[in-house]
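One chain follows as structure tokens, the form predicted alone.
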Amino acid sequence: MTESAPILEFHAVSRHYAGTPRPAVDRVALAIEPGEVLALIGGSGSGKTTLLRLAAGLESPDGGEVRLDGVLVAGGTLRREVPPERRRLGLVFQEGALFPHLTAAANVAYGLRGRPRAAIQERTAECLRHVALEDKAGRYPHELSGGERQRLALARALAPSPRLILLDEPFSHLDPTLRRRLREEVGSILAAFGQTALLVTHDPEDVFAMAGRVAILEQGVLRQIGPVASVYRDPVSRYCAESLGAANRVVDPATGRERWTRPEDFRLPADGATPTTGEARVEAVRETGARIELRLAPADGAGDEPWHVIWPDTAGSTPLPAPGDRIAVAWRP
């Protein structure tokens, strides 16, 4: 039995806009497997939205190939690209892009035109139920909250059973509390449908809540790709480390080897059993509700930048240091 082909493949794909000194996307190669959620993350101008638009057919590659289910849809030897409407993709943008003159039910049903009326009604009701909007079917977008509008946009994208959902910064315009709740809800909805998705974001929390793998882009170049936990724990560079949250540069004084640790990796040496980095001077102590954060100045050549760490002794058995104190530092292996 042969393995199924990836849903989406980029083969050395490039896109260069006229008048710019470097490509927006530079020979990117990656694949999305059936049923997975892959997150693209990177700073402004990293090329993540351009890559999404290349997948959707809203942009044309200058080099390389784009394939869907193993079929060439753009680039390569293809003389005419497969247009967006024939790629069977669902799109969810920042603002949802809902039709303001249509009800919630009519928005969802829009992509089902041409099917029997009973089938349209059944599928529309199913999708609205999955996003918990079955009681808002007759309302217009302006009568819905921001979170409800985004869930409606997802329902509309899911209705035609697309092979792939493309989510472009879908939570960036929402307040932090709503964003936290909605990303969990959307992740659950995608899992319930068994839906393959490509998520473009600049927020690491989106990645942790929704994605199984993450690809990090910098200036159009794919810097690192892998399971989220693996990339978080073993970033290949400062850029990759900081793309997924706060990170500390630690240098082994004996070898000069550089590595990146996370604030929660800080440990108190216990009976010499945990390898230590040496000493550090406490520059600041800050209580942030559920945890205590310290800013440390590395000593003994272990680094030339402050470390931001989380105090690990939540039981309070070890006295909390004060600014100016020197403490021994260890890191989780």
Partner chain sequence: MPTASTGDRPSLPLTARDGSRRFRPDRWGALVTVGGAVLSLPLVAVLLRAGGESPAWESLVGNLLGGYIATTVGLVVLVVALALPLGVLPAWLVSTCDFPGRRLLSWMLVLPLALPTYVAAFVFYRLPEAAIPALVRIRTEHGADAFLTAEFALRFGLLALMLAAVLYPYLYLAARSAFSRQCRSQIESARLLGDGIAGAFFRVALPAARPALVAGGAFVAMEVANDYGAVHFFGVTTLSAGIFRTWFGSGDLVAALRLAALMMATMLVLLALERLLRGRAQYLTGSQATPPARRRLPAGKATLAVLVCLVPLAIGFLYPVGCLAHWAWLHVSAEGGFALPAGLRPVPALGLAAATTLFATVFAALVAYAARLRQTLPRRAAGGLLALGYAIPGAVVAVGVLSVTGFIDRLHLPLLPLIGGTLPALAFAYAARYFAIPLKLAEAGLEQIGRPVEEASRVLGAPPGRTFLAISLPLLRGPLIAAAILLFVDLIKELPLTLILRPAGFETLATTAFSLASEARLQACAVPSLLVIAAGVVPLFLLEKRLSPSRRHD
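Residue numbers count along the first chain shown, from 1. For clarity, every value in this text was computed on a predicted model and none was experimentally measured.
Another form, the form predicted together with the partner chain, is not on view; read the next lines as being about it.
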Just one of 114 to 122, 243 to 251, 220 to 228, 132 to 140 has residues with a heavy atom within 4.5 Å of the partner chain in the predicted bound form, so point it out. 114 to 122
If the cut-off is 4.5 angstroms on heavy atoms, which of these, Gly147, Pro263, Gly90, Pro235, is the one near the partner chain in the predicted bound form? Gly90
Which of Arg181, Arg259, His173, Arg86 has a heavy atom within 4.5 Å of the partner chain in the predicted bound form? Arg86
Contact test in the predicted bound form: Ala211 vs the partner chain, heavy atoms, 4.5 Å: no
Would Gly194 sit within 4.5 Å of the partner chain in the predicted bound form, counting heavy atoms only? no
Heavy atom of Ser188 within 4.5 Å of the partner chain in the predicted bound form: no
So in the predicted bound form, does Pro160 come within 4.5 Å of the partner chain, heavy atom to heavy atom? yes
Checked 141 to 156 against the partner chain in the predicted bound form; residues with a heavy atom within 4.5 Å, sequence order, are Arg156
